[in-house]
Each structure stands twice: as C-alpha cells, then as structure tokens.
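In structure tokens, the next block holds one chain alone, the form predicted on its own.
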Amino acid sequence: MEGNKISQSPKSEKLALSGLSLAELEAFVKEMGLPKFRAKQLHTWIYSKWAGSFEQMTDLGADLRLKLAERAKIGSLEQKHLEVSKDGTRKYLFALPDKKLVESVLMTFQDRDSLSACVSSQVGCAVGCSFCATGYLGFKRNLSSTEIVDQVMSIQRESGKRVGNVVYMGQGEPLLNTENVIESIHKLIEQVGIGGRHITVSTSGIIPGIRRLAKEKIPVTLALSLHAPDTMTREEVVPITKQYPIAELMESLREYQSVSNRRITIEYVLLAGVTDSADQARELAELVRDINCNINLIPYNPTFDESGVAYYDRPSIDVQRRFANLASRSGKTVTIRLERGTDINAACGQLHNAYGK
C-alpha cells in the first residue's frame, strides 16, 4: 500500500479487505470503477457487521456482489483449528495466504464484560526465550498490518463476540516488526473502534522499538517481558539481553514514560529454581522502584521437548505468593496472572507445535 494505492496481488490471489482502512477501501473501489460511497458500505459491513462474505452484504446488488467476489475476499486468514477451553478461552490457529501458521486467543473473564484478543505479530520468533514454545519454531516472517488486524476481525466473525481489548502477546516480538504493528494499532483504533488505552504491546526489550513506539505518541500500554532482574539469569531465559542490557532497557522505559505518561506493565515469568527466589523478588522490587508500573507474575505454563519432558518446572502456589509479597515492597501493585485455557494448548506456540506434529 503506497499513498492509499492498493498494491496488486498476483492475479491468482484475491485482495483481502478485512484489515484495510477506509482510505484503502476507497482506493480499491476506485480501481474497480465504483463510486466512492461503496467503500463506506464495505467498511460498515466488515467492521460494524462482521460480514464473512459478500453474499451477506444485502444492500449491494447481486451483480456487484459477484463482481467484488471475483476480485476480492473478506479475510486473509483461514481458520485451520480451534480449541475451546472449559473456561471459555478460544485458541485459534490461522493459515496465512502463504500457508504459514499463526495463533490467536480470545479470552473471557467472569469479572468483566469486555473480551480480550491476544494476537501474533510474526510467524515464529527470533528472540528465542528459553521457556517459550514460539521460540522453538524459529523466525519465518513478519505479519502485515492487515494480517494482524484480520486476526481480531476473524475472531469476532467466528465467535460472534465483540473484542474490547487487544494484547500483542501472541507469536513473535512486536517491536521487531514495529512499523506494521504501529500501522495495525492505528487501524484497530480508527477502523475497528478499539480505544488505544485498551491495547497493550508486549516486548522482550527491543530498545529501538520502545523509542519508536514512544515517538508515535499513541495511548497504548507498554508491557515489558522482564522475567529476571539480574543479567546472568535474564541472558539465560531472554537471550536478547546480551544485545540490550538491563540498565539500558530500564532507561528506555523511563524515556518512554516521560513521553507517554502511561503506566508500564512488567511481565515476569516464574520458573521454579530459576527466576522465583526471594533474592530475585527483592532485586525486582529495587529495579522498578522509580518506574510507574504494575508487576504481573506469570506462573510457568509448561512446554515440552520432543520426548515429552518439560523445559522448566512451575513453582508452587506458596512460592508464587512469597515472591509476590516480596516484590510488592516496591510499592507497586503485584498480581499473579489469572490463567486461561490451561486445559488446551493456550500458551504461545503450543497449538502451532502440536498441529505441526
């Protein structure tokens, strides 16, 4: 897409409309020789009525619907698999036009009406966090902004439920695909109608990406996947620490906060005997003391090697609570994440790996 001109796909591939902006839809109908108001009709059917086919667009004539179907399709994603948890969590495996696979999750919560979608930003991931199933897939490619947005729209079309919150916590490192992620955020706000304050971007600590996101000045929440307060442990579990040291990373958070004035979320995975010690809880409290943040503790959701052995163990609930109590001495709000979808392949990369096998 360049200057609102639609980039033509190969003749054999139809243009996916779900994920396009109104300006992009206007460029599409112009190229088809249609009046401009048709773009608004398409926009309404896609984003307000969640139409899954042109046949559902009943205020368009039959000839026009046929003409559109010859040139375009609604979504870019094909649902390959769906798992539904007893707690209502829905885990999707989508195939992209090039047949590569990505995961998305729809989460429901009993104490709130709004639903949250967890979306992927890349196929695979290059960061290689040692506890994450996505890292074992390796990096394949970035997702386009359209492919990111269409995850949300595909979830809404399948579930019939409105997504109120979006978290970029699926496959991939969002801030290694920064421009497409930023463009997709703008589309979620302006086209889908999800407020910026209901969007969270998670990063393993890509400092240039954090600074680029700050420059954009969009009111999203930044979540840092910290996972260890000391360099030695963090280099083990989050190898990119060698490129972006903890001290520089903390400074980039302060810079982000000075521009955005937004509270940051510190994500911290609890791995038994690795990241869950009392000393590490105290170090974490000290590390974030001057940063306006909340701390979200994540009990490890096991991933397994080819022989079925878990890479790490999960700490007991008593250890989790002890860690939370010590970390709260920073004066920050500390929560232990409410788990969703534990009876299905809900953690990043698990469904993709299982489906591949």
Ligand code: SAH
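Residue numbers here begin at 1 and follow the sequence given. Because the structure is a prediction, the values reported are computed rather than measured.
The next section is about a form of this same protein that is not shown, the form predicted in complex with the named molecule.
| query | With the partner left out here, if you bring back the named molecule in the predicted complex, are 19, 116 and 154 all within 4.5 Å of it by some heavy atom? | reply | No: no residue has a heavy atom within 4.5 Å of the partner.
| request: Using a 4.5 Å heavy atom cut-off, state whether residue 103 contacts the named molecule in the predicted complex. | output: Taking the distances in the predicted complex, the answer for residue 103 is no, it never comes within 4.5 Å of the named molecule.
| Can any non-hydrogen atom of residue 256 be found within 4.5 angstroms of the named molecule in the predicted complex? | No, no contact at 4.5 Å.
| Residue contact check: residue 90 to the named molecule in the predicted complex, 4.5 Å heavy atom | No, no contact at 4.5 Å.
| query | Does at least one non-hydrogen atom of residue 170 fall within 4.5 angstroms of the named molecule in the predicted complex? | reply | Yes.
| query | Which of these stretches, 210-218, 262-270, 82-90, 283-291, has heavy atoms within 4.5 Å of the named molecule in the predicted complex? | reply | Going through the listed ranges, the match is 262-270.
| query | Among 60, 298, 27, 327, which has any heavy atom within 4.5 Å of the named molecule in the predicted complex? | reply | Exactly one residue meets the criterion: 298.
| Which residue, 275, 145, 177, 204, has a heavy atom that falls within 4.5 Å of the named molecule in the predicted complex? | Residue within 4.5 Å of the partner: 204.
| message | Just to make sure I understand: among 216-237, which residues lie within 4.5 Å of the named molecule in the predicted complex, judging by heavy atoms? | response | Read in sequence order, the residues that approach the named molecule (within 4.5 Å, in the predicted complex) are 225, 227.
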